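The data below hold one chain only, encoded as structure tokens and taken in the form predicted alone.
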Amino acid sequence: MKYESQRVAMPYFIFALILFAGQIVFGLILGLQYVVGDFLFPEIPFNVARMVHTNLLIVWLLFGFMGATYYMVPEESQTELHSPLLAWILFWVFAVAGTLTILGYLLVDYARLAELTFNEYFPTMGREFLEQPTITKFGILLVVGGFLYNVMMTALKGRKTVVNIVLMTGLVGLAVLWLFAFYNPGNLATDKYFWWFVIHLWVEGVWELIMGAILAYVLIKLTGVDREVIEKWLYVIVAMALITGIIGTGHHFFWIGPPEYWLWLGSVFSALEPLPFFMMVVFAFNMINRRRRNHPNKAALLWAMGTTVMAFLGAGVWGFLHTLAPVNWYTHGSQITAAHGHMAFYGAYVMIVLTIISYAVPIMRGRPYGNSNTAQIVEMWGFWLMTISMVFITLFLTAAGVLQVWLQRIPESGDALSFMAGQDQIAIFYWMRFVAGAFFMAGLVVYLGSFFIKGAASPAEEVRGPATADA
């Protein structure tokens, strides 16, 4: 580690992985409840399990992004973090608030939780993915505000790099768009219109900037390719992500009441959204082919390569499958949407956080060249188990979605099945998805187990002349 204050990233990474494990546990509970409807009822009803599953996903990724930023910014800025103490305080505030919120979901009736958190004075609860009590939403805003102050003060007093600029732009956008979580109009169409400003413009907008910055940073460190080359690629990818992602929000506006022109805008720009993800694939593999060193941390390199491929497949290909308005008319809200969501989140954001963890955590543990070969082999087993399992989860949900659409929405005779009758017909795919989810959990256990294997890798081997100073 070049700067001691980078070490504050460690608790963020550790807590992120704990929450990740919790998310997968609740994912398995949900998968079983799809086919065994009264499983854990009434202790953990389906709506509560789903709320915990999705909220844990959001929170642990935020912890991962914050840890990545605390690790990257001092090194990119070539200066110590502005206030390590503030970073530690914000960690405990966020961790305690997040834990209490999840316990509130599990232990208190949701309507009662709204009363206890004074939601009636500033109602923001009850919306999908934004179920957090209002006081929790303010807590997130406070934590993100303090976090931004800390890292921006660090970046402003040190070296200015494209990686830092893109990362900061994404983080500021994340904070600004979070403000729409507090806007809860009475009109349902208006509510959904602005609700997507958080949900879509986070995951298909500013989060892509954060992902691109982390990927660029890791590739600079692992390949030794000149920073200027990687930064040029990053500019182009970011531009494409914003151009397609912002107007591509329109694919959520097809059926909620806005003007008809969104059918065209949403379809055209959403069809272009796979381009920045495809560019990330080309970018990553091109940088690896041009590398000046064989970095001994092969596991981190595998995560980086896997991120681009899985993000392109999940966010790009599976997103395109049902994004055009004439197709979405039939597929909207089906299991095809769930298939896209699972692979997109895993490929684009879960894997990029695991990439920076795979690179940074060994260094913070005194292993500058990565974990031992044995540990990396175990970690890569975890990579393949989770990734292949996610591919099968996506395929099973896609098959369920196609059959669901066929049975419920386009029968030529007009005798479409009811929702529950249709669910009975596709239950076999839910069972298969549950089995794949169990293998995913096994992969996560293997991955976490790799951190307990002792030993460190040997120094990097130069292959094309001296690496740059940044590498």
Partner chain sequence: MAERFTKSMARNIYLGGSVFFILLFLALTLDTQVRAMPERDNRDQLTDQVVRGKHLWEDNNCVGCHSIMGEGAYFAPELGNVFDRRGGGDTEVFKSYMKAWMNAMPTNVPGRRQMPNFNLTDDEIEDLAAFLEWTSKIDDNDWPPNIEG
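Because the structure is a prediction, the values reported are computed rather than measured. Numbering follows the first chain given and starts at 1.
What follows is about the form predicted together with the partner chain, which we do not show.
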Quick one: is Pro185 in contact with the partner chain in the model of the complex, heavy atoms, 4.5 Å cut-off? yes
Report yes if any heavy atom of Leu56 sits within 4.5 Å of a heavy atom of the partner chain in the model of the complex; otherwise report no. no
Consider Glu231 of the chain shown here, and say whether it contacts the partner chain in the model of the complex, taking contact as heavy atoms within 4.5 Å. yes
Does the partner chain get within 4.5 angstroms of any non-hydrogen atom of Ala111 in the model of the complex? yes
Which one, 350 to 358, 336 to 344, 298 to 306, 213 to 221, holds residues whose non-hydrogen atoms are within 4.5 Å of the partner chain in the model of the complex? 336 to 344
Quick check on this chain: which one of Ala416, Ile428, Met441, Val402 has a heavy atom within 4.5 Å of the partner chain in the model of the complex? Ala416
Sort through Leu324, Val317, Leu265, Ile288 and report the residue having a heavy atom within 4.5 Å of the partner chain in the model of the complex. Leu265
Can you name the residues of 106 to 137 that have a heavy atom within 4.5 Å of the partner chain in the model of the complex? Tyr110, Ala111, Ala114, Asn119, Pro123, Met125, Gly126, Arg127, Glu128, Glu131
